[in-house]
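First, one chain by itself in C-alpha cells, the form predicted alone.
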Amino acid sequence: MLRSAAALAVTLLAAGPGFAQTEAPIDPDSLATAHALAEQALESDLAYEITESLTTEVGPRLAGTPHEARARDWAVEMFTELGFENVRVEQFELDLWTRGRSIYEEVAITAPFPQPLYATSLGGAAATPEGGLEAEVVFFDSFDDLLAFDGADDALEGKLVFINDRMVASRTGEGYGWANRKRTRAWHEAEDRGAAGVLIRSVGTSSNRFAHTGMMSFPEGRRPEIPALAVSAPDADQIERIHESGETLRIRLQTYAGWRGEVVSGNVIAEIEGSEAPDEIVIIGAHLDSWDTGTGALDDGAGVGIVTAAARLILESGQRPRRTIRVVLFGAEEVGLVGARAYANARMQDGTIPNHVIGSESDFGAREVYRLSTNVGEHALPFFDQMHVEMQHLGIVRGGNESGGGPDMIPLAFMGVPMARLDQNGEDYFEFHHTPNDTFDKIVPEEMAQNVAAWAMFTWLVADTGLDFRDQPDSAPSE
C-alpha cells in the first residue's frame, strides 16, 4: 500500500541529511487542505478565464494610460464578484511615457539596399527631430564592444549606433539579464559619444519579425535626448549581413516617442482575512499593466489569473487560514516597478512592513512550475522542504534559498520581507515577452492549472502556519 504524502514527508525529513527533527513541521490537517485545493485547481479553468477576460476586454495596458485605468476598474469588479474582502485601489503618481502614433515607427534602410525594417521605440526614448533623421550606422557586435570603444572623440558623432548582442534561451531565463544590458544602458553610452540615435537587436529568442520593447534605465534621473529602438531579429540579421559585406549602411528614422507629463496609476488590492492572526500578511501578486504592443497575456495577465484563482480556491473552500492573504495587482511594473515601490514605501510609512511574513509574485508566463525556491531564515527550511515533498506530484523540484520573490517583490525583499518563488519553465518565454506576439493563444490551460495548484498549496500552507520565516537572531549565551 502507498503511504500518504504526509507520512512520506515525515520519513524523508527524519532521514534526510541536516535534519534533526523526526516530525514534519506542517500540520497534517493543513496538509490535507492543501492537497484538496491542488486537486480542485487541476480541474479548474478559473485562471484561464480571468486571463481571457483581461486580455480580451481590456487588452494592452500601458502604465499611466486610460487602458491601465480600465484594467484597474476591471480588477476591482472581478475581485468584488469573486467575493474577496477589502477590495481597494491605492493610487500613486507616475510620469507618463508613450511611443506616440504607432507601435512600429517609420524605420528603413536607405543605402546600400533600400528596404523597410520592423522596429519599435524603447521605453523612455526620445523622438527624432521633426521630419526624422537619416544617418550612417556604426555596427557593434556586442554591448561590451561599445563600452570598450576607444575611437576618435567624434567617431560616433551624428551616427546611429547598432548593437547586435544575441540572447540564448534557457528554462530559467538567466540569459535575459546579460542581453538586456544593451536595452537599459546603450542609449546613454551612445548619447555620451555624440550619437544621433541607437538601435539594438531585440532582446529575446524569437526568430519572428516582432520587435521587443522594454524600459531603459535613467542614471541619476537623466532622460534620453536621442531616439532608441529595438529591431526585430530578422531585421537585425539583415543589418548584420550588410555590415559584413563591407558596404556603408544608412538608416532613416521617424519616431514620436516621449514623456507626456504626470498622471495617476494604482495598485489593486484584495484580501482574505486571517482567522487567528489577521494582522500577519502573506502577500501574493502579479502586475496589472503591460506593454502596448501585445495584449500582455504572458506578461503578466497569466500571473493575474494564477494568483487570483489560487486565492479564490482558498476563499471558497470554507476554511480560513490563520493569516491574512493579500493579493496585490501592481500597477506600472513595466516602467520601473513604480507600483511596487509605492506599495513598499506606504507600508514603511505606516509601520506594517514587519507584518508581511512572506511574499511571492507570478510574473514569468504560464508554463509549468518546476521548482520551489526560497529566501527565508535557516530555521524555516524544513517547512519548505516538506512543502516541496508535498508538491512533487505536480512535478516540482526543490530550489535553493537565495531566490527573489519576483520583480514587484524586490522593494519588500530589500526591506527584509522573506520571499519564495514558484519558478516556471521559461524556455520559450522570450519568444513572446514584450512583443506584439504576447497574446492569449500562447497559454496552455493544463499548464496554467498546474500553476494554480502549486500556488494554492503554497499560499494556504504559508498562511495557515504560525512559523516566522525571517532570520532568527542567535540565542543569547547561557550564564
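Throughout, we count residues from 1 along the sequence that is shown. Note that the structure is a prediction, hence the values are computed from the model and not measured.
Another form, the form predicted in complex with a further copy of the same chain, is not on view; read the next lines as being about it.
> Counting only heavy atoms and a 4.5 Å cutoff, which of 321 to 329, 202 to 210, 387 to 395, 86 to 94 contacts a further copy of the same chain in the predicted bound form?
Heavy-atom contact with the partner occurs in 202 to 210.
> Does any heavy atom of Gln115 come within 4.5 Å of a heavy atom of a further copy of the same chain in the predicted bound form?
Flag for Gln115 set to yes.
> Does Ile103 make contact with a further copy of the same chain in the predicted bound form, using a 4.5 Å heavy atom cut-off?
Answer yes; at least one heavy atom of Ile103 falls within 4.5 Å of a further copy of the same chain in the predicted bound form.
> Should Thr55 be classed as touching a further copy of the same chain in the predicted bound form when contacts are defined as heavy atoms within 4.5 Å?
Thr55 belongs to the contact set for a further copy of the same chain.
> Hey, in the predicted bound form, is Ala169 touching a further copy of the same chain, heavy atoms inside 4.5 Å?
Taking the distances in the predicted bound form, the answer for Ala169 is no, it never comes within 4.5 Å of a further copy of the same chain.
> Exactly one residue in Asn375, Asn164, Thr293, Thr184 has a non-hydrogen atom within 4.5 Å of a further copy of the same chain in the predicted bound form; which is it?
That would be Thr293.
> a further copy of the same chain isn't shown here, but in the predicted bound form which of Leu381, Ile242, Leu337, Val76 has a heavy atom within 4.5 Å of it?
Only one listed residue qualifies here, and that residue is Ile242.
> Enumerate the residues of 436 to 462 that have a non-hydrogen atom within 4.5 Å of a further copy of the same chain in the predicted bound form, in sequence order, or give none.
Going through 436 to 462 in order - heavy atoms within 4.5 Å of a further copy of the same chain in the predicted bound form - the hits are Pro436, Asn437, Thr439, Phe440, Asp441, Lys442.
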